[in-house]
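Coming up is one lone chain in structure tokens, specifically the form predicted on its own.
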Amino acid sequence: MSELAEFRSEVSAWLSENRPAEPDFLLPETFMEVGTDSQFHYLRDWQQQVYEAGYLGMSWPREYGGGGKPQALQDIVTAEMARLNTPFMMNTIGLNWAGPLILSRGSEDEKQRYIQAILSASEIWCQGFSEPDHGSDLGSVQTRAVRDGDDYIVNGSKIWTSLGQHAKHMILLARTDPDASNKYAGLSFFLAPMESPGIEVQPIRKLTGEFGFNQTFFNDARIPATCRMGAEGEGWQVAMSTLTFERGVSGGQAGGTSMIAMKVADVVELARRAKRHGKPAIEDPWVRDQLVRFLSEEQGDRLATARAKHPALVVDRPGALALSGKLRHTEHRRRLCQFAIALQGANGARYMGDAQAIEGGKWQRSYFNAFSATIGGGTSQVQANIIGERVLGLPKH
């Protein structure tokens, strides 16, 4: 058995033996649905356990709390977590966006201050980019940060701040120069402490009935100037670096799964039980065709991740797989859940809490929740534009 195969067996055994018991409450599907204290503590304790076992941040530098080991080992751990469907790593924004950003652009003090606490989940991170009145137009941020001695005074609000009610820090984009030559030049980027006076977090109830999203208000909140990353006016460049990590274009994430996997195999089993024209739905040629398409997509996405690591296999369009990954994965999940509901016929109208709902209404819940990922980090429409312009070279008009 090769060294990597031995490691995979070790990881599989550890995850099987140490995964937490199923709770007596509903688990969230992603970090964007963590709304109760019970969910939060359950998932934070699991992340701490994984980190203490040495299976998280394995490729991050040892001097900052990581493992200092090859990325291949972390990839194996993440793959085994997905295969065994263990609970996900809750501190997603810290592990996948803020942490890689700090490691790539942060000062030595920032790396020493933040990285280990991100991995251990002792400090949770949230994101302060979107605002209520500007949709996907991130460059039109209106939250103001005015320099006052050693601090910035911040006023404004941010929307969709997932985990904001539990977060210790926020990656914050704010306008420091309203008179700049263009809207992008007047922005600055902060690693903002959420415990600062003047910061208020209000939970938002989602269509699913769950919480997790929040609106965050800044009312003369004081943030130390030392929390600014980069110079004043460089916020747009730092934010764009952050988005390359969020969208999976740049590597360097800590590892671990960030959501409950929705597998095509589960929909195949649903098709075996569901009825269509009085027969098992899986016997219907159209249903079988759709399932094969989903299976092909799922396998293609899995192989694309491996292919992207080999420059010789992507020489024709080097950035295509990375730039399209977020769009492919999120839309696949949304359409898969929609198809699972369609298989249920009239029962597709039932939801969680209905005793007659198929599989407890999980596919309906997953379908509604799937839209979060198609919007966050740039909507599917924005992602399609990025692919069209940067990969295919199409004109903006």
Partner chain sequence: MSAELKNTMSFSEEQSMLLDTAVEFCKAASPIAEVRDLVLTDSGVRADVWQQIVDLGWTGVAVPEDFGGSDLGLAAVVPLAESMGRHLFGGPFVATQLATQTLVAGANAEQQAHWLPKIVAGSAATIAFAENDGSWDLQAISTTLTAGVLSGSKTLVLDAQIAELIAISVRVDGQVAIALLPSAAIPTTQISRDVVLDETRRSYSVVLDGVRVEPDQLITGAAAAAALQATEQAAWLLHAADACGGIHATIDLVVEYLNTRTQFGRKIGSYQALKHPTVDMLMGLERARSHVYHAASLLSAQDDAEVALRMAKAESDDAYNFAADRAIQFHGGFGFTYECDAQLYLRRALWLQYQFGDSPYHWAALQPLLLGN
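No experiment lies behind these values; they were computed from the predicted model shown. Only the largest set of C-alpha atoms that superpose within 1.5 Å between the two forms is called the rigid core. Residue numbers count along the first chain shown, from 1.
Heads up, the form predicted together with its partner chain isn't pictured, but that's what we're talking about next.
Contact annotation: its partner chain lies within 4.5 Å of heavy atoms from the stretch 331 to 339 in the predicted complex, the single such stretch among 37 to 45, 23 to 31, 62 to 70, 331 to 339. A residue is said to contact a partner when one of its heavy atoms sits within 4.5 Å of a partner heavy atom; Pro203 fails this definition for its partner chain in the predicted complex, lying far away. Its partner chain in the predicted complex comes within 4.5 Å of a heavy atom belonging to Gly278. Taking the partner from elsewhere, Glu10 is found to have every heavy atom lying beyond 4.5 Å of its partner chain in the predicted complex. Using a 4.5 angstroms threshold between heavy atoms, Arg350 counts as touching its partner chain in the predicted complex. Between its partner chain and the residues Phe213, Phe190, Phe218, Phe245, the one pair within 4.5 Å by heavy atoms in the predicted complex involves Phe213. Between its partner chain and the residues Met262, Val238, Cys227, Ile282, the one pair within 4.5 Å by heavy atoms in the predicted complex involves Ile282. In the predicted complex, its partner chain lies within 4.5 angstroms of at least one heavy atom of each of the following residues of 348 to 376: Gly348, Ala349, Arg350, Tyr351, Met352, Gly353, Asp354, Gln356, Gln364, Tyr367, Phe368, Asn369, Phe371, Ser372, Thr374, Ile375, in sequence order. Superposition on the rigid core between this form and the one not shown places the CA atom of Asp316 2 Å or more away from its counterpart.
Relative to the superposed core, Ser196 undergoes a Cα shift smaller than 2 Å between this form and the one not shown. Superposition of the core reveals a Cα shift of 2 Å or more for Asp289 between this form and the one not shown.
The pair Gln299 and Ser16 is at least 3 angstroms farther apart at the CA level in the predicted complex than in the present model.
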